[in-house]
Structure formats: structure tokens, C-alpha cells
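Alright, two takes on the same chain below, each alone as C-alpha cells: structure 1 and structure 2.
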Structure 1
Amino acid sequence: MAKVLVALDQGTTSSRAVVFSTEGQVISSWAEEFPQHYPKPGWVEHDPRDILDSQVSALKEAVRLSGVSPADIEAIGITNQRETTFLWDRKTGECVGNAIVWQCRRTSQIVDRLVKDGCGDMIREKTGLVPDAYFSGTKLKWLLDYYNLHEKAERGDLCFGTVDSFLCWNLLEGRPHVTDATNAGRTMLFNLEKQDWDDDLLKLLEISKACLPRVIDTAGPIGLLDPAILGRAIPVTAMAGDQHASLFGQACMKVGDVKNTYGTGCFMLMNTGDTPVRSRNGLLTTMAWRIGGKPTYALEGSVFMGGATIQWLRDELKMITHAAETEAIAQSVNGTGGVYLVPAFTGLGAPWWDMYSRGTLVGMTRGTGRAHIVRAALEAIAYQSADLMEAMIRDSGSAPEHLQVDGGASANGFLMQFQADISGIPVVRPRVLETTALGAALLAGLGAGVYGSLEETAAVWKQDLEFAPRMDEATRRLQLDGWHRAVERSLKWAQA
């Protein structure tokens, strides 16, 4: 039997495992969902036991379905939902409460205070992040404060970790307490340039270094899987946050390479090489990966309402019954007839950053119908992504050759063609749309020496379709101008 690579993809709603051939083909996959806990409004938690159990059972099932023997698994790579925070006892392994999920807003006030105290610029400068409750740092502080555990942390009796650390500690022989640089970069405690925990930030948040994991490379030997799981101590050779794994799985190895994942929200990352580019447009500076001790950086931006706009058409407006219908409906009209939908339901992110903007539908006439509105909703996903890409180009000074796409809504041909048209660059969709898992598997292959270089892993990436831009420049300008005028109408709405 040929050798295979396995990706563990620990996500927000499910834990998945995917078995890949070394040529990057999916041999088998399995996902296990687990419950979400909402103990108070705005709070989100996961039971650590559920995370472990679902991940182990997904791994076992995917391997069983593949028909490969554990002896043929060359290496395992881990990728994960980012920022979700665990704290556990170093001796017993018992967790302090549930994991605090990235979406949880319970530490908003801690962040507000930091910003009010004038620490925003320092945080931005050191971590590349816009101060927010989203990141792990204030979540860890909350756990230490709430359970009164600062002294215990100081004594080295506690371990903090994001999902990658938590899985390694629990699933690997010898319980390594480690995290990779991409995950560390999302804690708001990690100094991007020094590539290490930042003493000033630790002091600011009253966090003892003794509870932090050791920061390691994204690819390279980490340890061996506990043989009790699959009957063999298989090497684990990669760890990366999900968006970083997907950037790798999309073969975005060169400066200026950019990918966009069209899921519930959209996540766009651009490789900026060995320079951490500071954004003037509200983007985050983050790690792409760290390999052989060498950091590669990225710019990151997100669209809050991506595929979620389509869910809104389906669930609230009842205009459609399935997301996939939107493609034919949009194509049934020549254009939106001047209609723009700005889906700023929860405010707008980069490059606008206005928490008070609200959903806006403009430009309607007596002839406006359902198809125009459905089309405007799809176009809105592309316009928001186009704005993010423009911001990245302005910040980095590099212009991408194409946009690599994946995620559920990238199946929509109309949306992809409109993205190519409105961004004025080719949109490229790969054969394997599971780019996050593929990225983790390729990183694991690199870490295990299955591939000798980044170029070899990039060669595994295969194109499915390319959408070439077809819109003339004057129309493109006009349409974008209309969109920006619509965005202006939506700004600061909820403030009044």
C-alpha cells in the first residue's frame, strides 16, 4: 500500500480527519459534530472532553474507511479553529472549566479597558492584531482571574493552550506542551518580530510565562501519536491554525499570493514573505507559517457576512430554499438593475471598520424583483472581498496574479465569475476544496521529509477551473463606485 498523510481538522462545530495520498487526493474523511454551549448571552464554550473524543473518533473512522494500515501513515498534521482557549492542570490534565471559544465576547470589557488605558498601539505594534476579545490573551486572563489561579500558574502547575496545544498534550506520547507560531500569533501575547512571547504584554495581562506552551515551527517533528489510539506511534509533524493551513493548501507560497475562503464569513490571507506588513487599512498582520525557524508573514482580513448573507435570504426572507439555487436565479437577470445590498448586519470590518453600519438595500425601482435582490446578495459577497483585496494590495504594494478560492460558496459559478470581473483578476478554484485539511497534510509531509521543499508541496496543488475577468474597465469602475456609494449609505446607521 502506498504511503498516506492524515490531517486532523479540529473546527468550531465539528472535528474532522482526512486521509490523503501523497499526491494530495482525498482517500477518506470523517467528521464528528459536537455540542456548542451558550451559558450566557454572548458567551460560547466547548467541553474539552467533546473536543478530544470527537477528534479521536473522527481519526479512527477516517482511517478505517480508508482501508490503509496505520503502518502506511507517514505522518499526521493538525489544523484547528483558532484562538479558542484551554487551561488545564499540568499534573492531572484536568481542565479549568470549559474551553472559551473564539466567538465568545465575555472579555470585551477587559479589551475596552486596555484600549482606554492607551495600550492599543502597543498591542498592534507587537502582535499585528487589532485589540479584540476574539484573541486568546484576554480569555486566558479571564480564566486565571475568575478561578483565582495566578499563583498556581506562577508555580508552573497549569498549562494554557489553544486547540493545537491541547490536542498535542492529550494525544501525543510524553505530553509535549507546545504550540506552533501561527497559533501563537493569535493569542495577542506573541511578538511577531521576536517570534516569542512578549514580556510587556504578559505583564499587562498579568499572565505568568510558566503556563505558556513552547512555540515551535509549523512543520517539523513534534512527537509520536499515543499508540493506544491507532496501535502505532505515528509521527505528528505539523500544526497550523485553519486559515494558515488553507493558505498553504492553496499553494500560496510566493509574496503576493492570496486566497479567499467563502464560508459563513470569508477569510482572505495574502503571503507577504519575510516582512510583517503593518496595515493602514484595518487588516491584521499574522503568520503565514514558520518553517526551519524562518517566519513567513501574511495579511488577513475577513468579511463578516459571506455565505451567511445567502442563509439570510433563505431563512429570514424565505426567497430561496437552498443556497445553490442562487446561481441560476442570479443568472436569470442581466444585472441587479442598479440594486445594491450592503449586508452590514453586524457592522462592517476592514477596510471600513464601522460597528454601527447596518444592512442596507438601495437603488430599487418599481421593476425590482426577487432575482435582482438575490443577485445583489451574491454580488455583495464579491464586493466585500474585492475591497479586502484592494486593501491588501495597498498595504503590501504587491499585486496578486490571481485569487485562489475555496469554501462552500466557492461552488457558485456566478459568484466566482463576478469576483473575477469586479476584482479584475482571474479567480482560480482548485480540485481539492478541502484546502485546510490538505494544507495540514502537506505541512505534515514537509515536516516528515515526504516532500523535500515548499515547491514540492506546491506541485501537489491542482487547478479545477479558472474564471477569467470579462468585464470592461469602465463598467467595473462604475459598478464599484455604486457599491461604495451604497456602503456610505450604510455607515454609522445604528449610532443615530
Structure 2
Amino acid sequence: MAKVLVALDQGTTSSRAVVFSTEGQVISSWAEEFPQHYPKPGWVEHDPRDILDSQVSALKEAVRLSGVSPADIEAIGITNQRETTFLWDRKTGECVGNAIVWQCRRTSQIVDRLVKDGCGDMIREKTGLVPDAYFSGTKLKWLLDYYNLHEKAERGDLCFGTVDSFLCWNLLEGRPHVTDATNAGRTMLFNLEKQDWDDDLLKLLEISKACLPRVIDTAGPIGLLDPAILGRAIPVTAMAGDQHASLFGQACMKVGDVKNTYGTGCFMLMNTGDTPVRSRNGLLTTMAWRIGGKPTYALEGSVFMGGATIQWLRDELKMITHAAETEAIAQSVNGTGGVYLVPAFTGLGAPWWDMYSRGTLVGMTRGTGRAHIVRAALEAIAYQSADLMEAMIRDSGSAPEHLQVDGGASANGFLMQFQADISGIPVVRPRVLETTALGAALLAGLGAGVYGSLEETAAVWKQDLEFAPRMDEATRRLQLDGWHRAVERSLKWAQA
């Protein structure tokens, strides 16, 4: 049988594995959900064993369903939810407590102190990030402080890692303690220009370099999969944070190319080439990828509550049974009747960056019904993404020709059409919506020599549908103004 590539796509609510042909076609996939833990308001955790067990199970099942032999797997790539923080014992492998998820706000006060002490500009200059509880650095500090582990970390007896590091350490022979440049760039500890951990930031957060992983390229040999998992020591040749893998899978290789991923959150990235562009509009300067030691940079904006807003409708409000229902429900009414939902359940990301904003539902009347609220939830995803696009246009000085989209919610035709309408540019959806996993597979293929260049990987991308804007400019401005008024109501709500 022809050789295949496998992507491990470890996400916030599920672990997935996808088997691809080298032409980029999905042969099989399998996903396993795992529990979310909310020990206190604003806190979000994962049990590390759930992460590991679900990912191994998904890999085995995806390979079984594909019908391919492990001998046919050319390489494996890992992509992952970013910023989620693990700390484990180097000798036993046992984790210190649960993993602290990227959505968790427990370190907001640590961030407040950093900003109050005048460290915000230094952090932005060195890392390209806005000081926020979102990133891994303050989560690691919290673990070291809470469990009184600073001395143990200094002795090198502990390993810090994001999901990519944790999976590599547990799944590969020899337990390599590594992370790639895209994941390192999301810790608030990584110097973008030096491409290494920053001593000043480590000192500021009282973190010993001895517990940090080695930073490697996004594509290239990493190690071999433990043969006990699939019966063969398969090369693992790529690691990338999920949004960077998606940018790669969308073939956004040119400066100015933009993609938006609709997952648990929404993440918009613009390729800025070999130059890190400093944002003046609340966006992040981040890695796109690092290949052959050469960094490529991106601008990024994050929406914390994308698909998670639809999960909220399903799990907490019981308004829907399945996410797929929302398209027909939204189309059953002509509009929201003036209702806006601001899903700031864990604060707001770019361009607002308000850790203390909270969810707000405004504009309701006696005639407001279920369909209006469901539609408002979908529209909220598009409004937040439109805010990111506007910030990117201001920072880059030019509007993209179109917005490339992927992720689960991009299958929702209503949402994609509303995104095109409210953003004012065409929205392009690819044939393969699993572009995060596809990007990891293509990077693995590049790292293993299956593809000889970036151009060869880009040729794999194929268009499915294009959604052209249909809303007139006056209506678009009116609806955006209403959205921004609603956002203002949600700001600083939970501030002490």
C-alpha cells in the first residue's frame, strides 16, 4: 500500500488522530472526548491521564479504521491545544496536579502585578504577547508557588511542558523533553528574536531554566514512537501548536495570507514572513513556524469562546441537542431581534484583552425566543472574528483578498455566510476541513523528506466553497455598532 502520514491532534475537548494520504486526502480519523474540570469559577483543568489515554486510543483506532499497516506510516506529526500547562516529575513521570488549561484565569492576579510593576512593555517587546493569564508562564509560576517546588525545579527534577512536550515525553522512545518554536512562543517566556528562552523573563517569574524543554524546529526528526503503541517505532517528525499547523495546512505561505480556525476558540493568523510585526491594535506577534532554523512569523488574534459558545447552548442551557442543529434554527428567524450575546465567559481576547469581562446577553424583549438566542450565539462568533480582521488590516496596512476558514464550525453555512457579510470579504472553505491535522501531517512529511519544499506541501490544498458578502455596508456598520455597544456592557464586570 502507498505510504501515509498520521497526525495526532490533541485538542481542548477531544483527542483526535487522522490518517492522510500523501496527497492530503483523509483516509480515516477518530476522536475521543474527555472531561473538563472546573474546580472554581474561572478555573479550567484537564486530567493528564485523560489527555494521554484518549490520544493513544484515538491513534490506535484511526490506524485500525484506515486498514493500513504500521509499516506504511511514513511519519507522525503532533499538533496541540496551546498554553495548557503540565508539570511532572522527571524520574517518575507523575504530574503535579492537573494540567492548567489555556482558558483558566487563576493567574489573573499574577498578571495584574506584572503590569502594575511596569513589566508589560518588556514582555510585549521580548515575546510579542500581551501580558495575560492565557499564556503558560504564569501558570507554571502558579504551580511552582502553590506546591512549593522551586528548589526541586532548580535541581532539574521537574519537567515543564505544554501538550506537545507532554505527549513527546510519554509517547516517544527515550522520553525526549522538547517543544517546538511555535509552542515555546506561547509561554510568555520565549524571546522571539533570539529564538530561545529569555533569562530576564525567567527571573521575573522565578522559573528555573532547568525545568524547561529544549526548543526545536517545527519540522524535522524528533524521535521514534514507542513500538509498544502500534508495534513499530515510527518516526515523529513534526510538532506545532494547533493554529500554526492550521496556517500551514491552509497553505498560507505568502505574506498577507490569513486563516481563521473555528474550534473551541477561534484563532486568526496572518503570515508576516521573516519579519515580526509589532501590533498596535491588541494582536499578538507570534511564530508561524520554524523550519531549517529559519523562523516565519505571524500576527494572531484569539477568540476564547467560539465552538465553546455552542457547547454552552447545548450543555448548560439545553437549547440544542447537537451543534449541527444551530444552522437551521438560526435560519428560522430573520434576525436576532436586536439581541446580542457576548460570550466572554472566560474574559475577552484580542483586540479587547479584558480578563475581567464576563458573558452578557442584551437587547431581549418579551418576544425573544430560543431561535433568536441561538442565532445571536452564532453571530457572536463571527463578530469576534470580524474584530480580529479589522485589527489585522490596521496593523498590516492592507486588507486580505479573502479569509480562509477551517475547523468544525466552518461546516455551518449560516455562520460562514454571516462571517463574509459582517467582515465584508469572501470566505473560502477548503475541501479538507481538518486543516490543523492536515498541517501537522504535511509538516511531518516535510520533516521526513516526503515533500521536498514548502511549495510541494502547499499544492496539496484544494478549495471547496466560497461565500461572497451579500450585506450592504450600511447594515454591516449598524450591526457592528450594536455588537460593540454590547461588548462595552461586558467589560470589567468581574474586576475586584
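Since the structure is predicted, the reported quantities are computational estimates derived from the model, not experimental observations. Take the two forms, find the largest set of C-alpha atoms that superpose within 1.5 Å, and that set is the rigid core. For numbering, take structure 1's sequence and count from 1.
- Legend: structure 2 corresponds to the form predicted on its own, while structure 1 does not.
- Annotation for residue 437: C-alpha shift under 2 angstroms between structures 1 and 2, rigid core superposed.
- A displacement of less than 2 angstroms separates the C-alpha positions of residue 110 between structures 1 and 2, with the rigid core held in common.
- The Cα position of residue 455 differs by less than 2 Å between structures 1 and 2 after fitting on the rigid core.
- Its Cα shifted by 2.9 Å, residue 402 is compared between structures 1 and 2 on a rigid core fit.
- At residue 374, the distance the Cα travels between structures 1 and 2 is 8.3 Å after the core is superposed.
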